[in-house]
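Starting off, we have a lone chain in the form predicted on its own, written out as C-alpha cells.
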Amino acid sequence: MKVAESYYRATAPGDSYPALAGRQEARVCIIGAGFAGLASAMSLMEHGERDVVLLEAECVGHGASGRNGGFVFGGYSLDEQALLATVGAEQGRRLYQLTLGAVKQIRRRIVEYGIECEATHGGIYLANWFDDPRVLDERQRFMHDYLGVEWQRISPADFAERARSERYFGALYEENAFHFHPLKYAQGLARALGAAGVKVHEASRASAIEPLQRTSSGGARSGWRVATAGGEVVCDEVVVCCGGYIDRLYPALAGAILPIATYVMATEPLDERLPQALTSQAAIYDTRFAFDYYRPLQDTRLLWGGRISIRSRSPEDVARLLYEDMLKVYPQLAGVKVDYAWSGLMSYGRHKMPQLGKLPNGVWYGMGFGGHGVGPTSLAGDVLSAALMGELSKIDQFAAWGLPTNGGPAGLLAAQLTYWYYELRDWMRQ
C-alpha cells in the first residue's frame, strides 16, 4: 500500500504557484484555495472582477476539496426534510434547486475551461440497504412532490445486475448527477483563474487578518491587511474559506465549525474483476445514516469511502476498515489489494448547512460544507461573489443557520457519540 499520498494527489501533480512575497494590493483577498475559495474567485472573475488574490496555506485543493469522494449532485448535508422544516416548503425548494444549478455550473466550467477531471456522467444510485421498500417509496415521493425532482426507481433484480451484491434491495437513480476527480477539477479552476489574471499563491498561510484605514485618490476608506510569513495583502474585502483546516486563524469562525475526519481508499486496478462487482459507471451510496459511498475509476480501480470520526487515522488503519466494509458488500473482491488510503478533515456546522455570511466587523466567510460539499461550494462562490458586488439577496437566504458554537471538545465528542448512535440504529434496523 502506498501511504505517502492519496490516489488523487498521486495522479494529479498539478501546477505550482509562488508563495506570496512582499506587499500586494487587491480589491478582494480570498483565504483558502479549496472549492469554496476557488468558486468565489471564479464567480468574481466571470463577472468582471479580476483584482483578486487567492491565498492557500498548502497547495490548491489540499483539504477536503482534494480528498473527497468526487460525487457531484444536488442537496446539502442537512437532509431535505429537515431543510424544508426549517425554512418552509417554498424556500426549501428554492434552496435545493440552487444546488442543482450548481451541478450544471460545474459541468459548464469543465467544458468552458477545458478541465480534464475524468468527469463520468453516469448518474448516482441511492441503494437501499434495508429490506423495506418504504425507504425508497417515501424518498422518491418526497423528492417529486416537494422538490420537483424525478428519481427513477430501480427494482432489486435490476439493480443487482448493475451492483452485483446481495446486500441491496433496489435503488433510486439520479440521472442528473455525475462524479469526477475532485483534485483535478480544483487544479483546473486555479489554472483558469491564473490565466485570467487572478493571483494565486500557494505555501502562503494567512497568519493575521487586521482591519486598517486605506487612503486613495477618493479619500480614506476601510480595508484589511492579511499577513503571511512572506508578505501581506492589503484589500478592500477579505473572504475566509478555510473549512476544517482553519486552525487558529480566526477564532470567531473556527469556533463555529466541527472538523470531522472521513476515510477513503482506492484499490489496485481491477481490470476484469471490476464487472464481477459493478457493471455500471454510476457512483453509489446507500440509505444508512453511516453509509458507504464508492465509484469506479477510469483505470478500473474502485474508490471506496465511508465512516466519520473526530480523529484522523493512519493509512493502514483506513485501508483495513474500508476493506472490511467493501467485502461486506462485495465478498467476491476478497484478496484485492488496496493501493491508496487516506483521511481528511471536513468542516460541519452544528446545523449541517453551509455557513455563508459576514461578521459584524466586515469579514466574509464561506465554510461548513462537510459531507455534501461539491455542489454547495460552487453555489457558495456565486452567493459570496454576488454579496461582494453588493447583491445581498442570495446570501440572506442562508441567514437562518448562522454560526452556532461548536461546543469545543465537548461538541466534538457529542458529534462522535451521535454518529455511533445512528450507526447502532442502522445495525438494529437491518
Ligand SMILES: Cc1cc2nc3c(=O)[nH]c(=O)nc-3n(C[C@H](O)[C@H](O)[C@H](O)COP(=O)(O)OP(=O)(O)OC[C@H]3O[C@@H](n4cnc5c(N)ncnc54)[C@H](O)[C@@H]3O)c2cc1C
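Please read these numbers as outputs of a predicted model, since none were measured by experiment. Residue numbers run from 1 along the displayed sequence.
The same protein also has a form predicted together with the ligand, omitted here; what follows describes it.
Checklist entry - Thinking of 262, 369 and 377 as the candidate spot, does the ligand come within 4.5 Å of a heavy atom on all of them in the predicted complex? => result Yes.
Item to check | Non-hydrogen atom contact residue 241 with the ligand in the predicted complex at 4.5 angstroms | outcome: Yes, contact at 4.5 Å.
Next on the checklist: Within 4.5 Å, heavy atoms only: does residue 129 come near the ligand in the predicted complex?
Outcome noted: Answer no; every heavy atom of residue 129 is more than 4.5 Å from the ligand in the predicted complex.
Checklist entry - Counting only non-hydrogen atoms and a 4.5 angstroms cut-off, does residue 204 reach the ligand in the predicted complex? => result Because a heavy atom of residue 204 falls inside 4.5 Å of the ligand in the predicted complex, the answer is yes.
Checklist entry - residue 363 near the ligand in the predicted complex, any heavy atom under 4.5 Å? => result Residue 363: no contact with the ligand in the predicted complex.
Next on the checklist: Looking at heavy atoms inside 4.5 Å, which stretch does the ligand contact in the predicted complex, given the options 30-38, 382-390, 396-404, 44-52?
Outcome noted: Of the options, only 30-38 has residues within 4.5 Å of the partner.
Checklist entry - Which one of 103, 345, 282, 135 is close to the ligand in the predicted complex, taking close to mean a heavy atom within 4.5 Å? => result Exactly one listed residue reaches within 4.5 Å, namely 345.
Item to check | Heavy atom within 4.5 Å of the ligand in the predicted complex - qualifying residues of 291-306 | outcome: Read in sequence order, the lone residue that approaches the ligand (within 4.5 Å, in the predicted complex) is 293.
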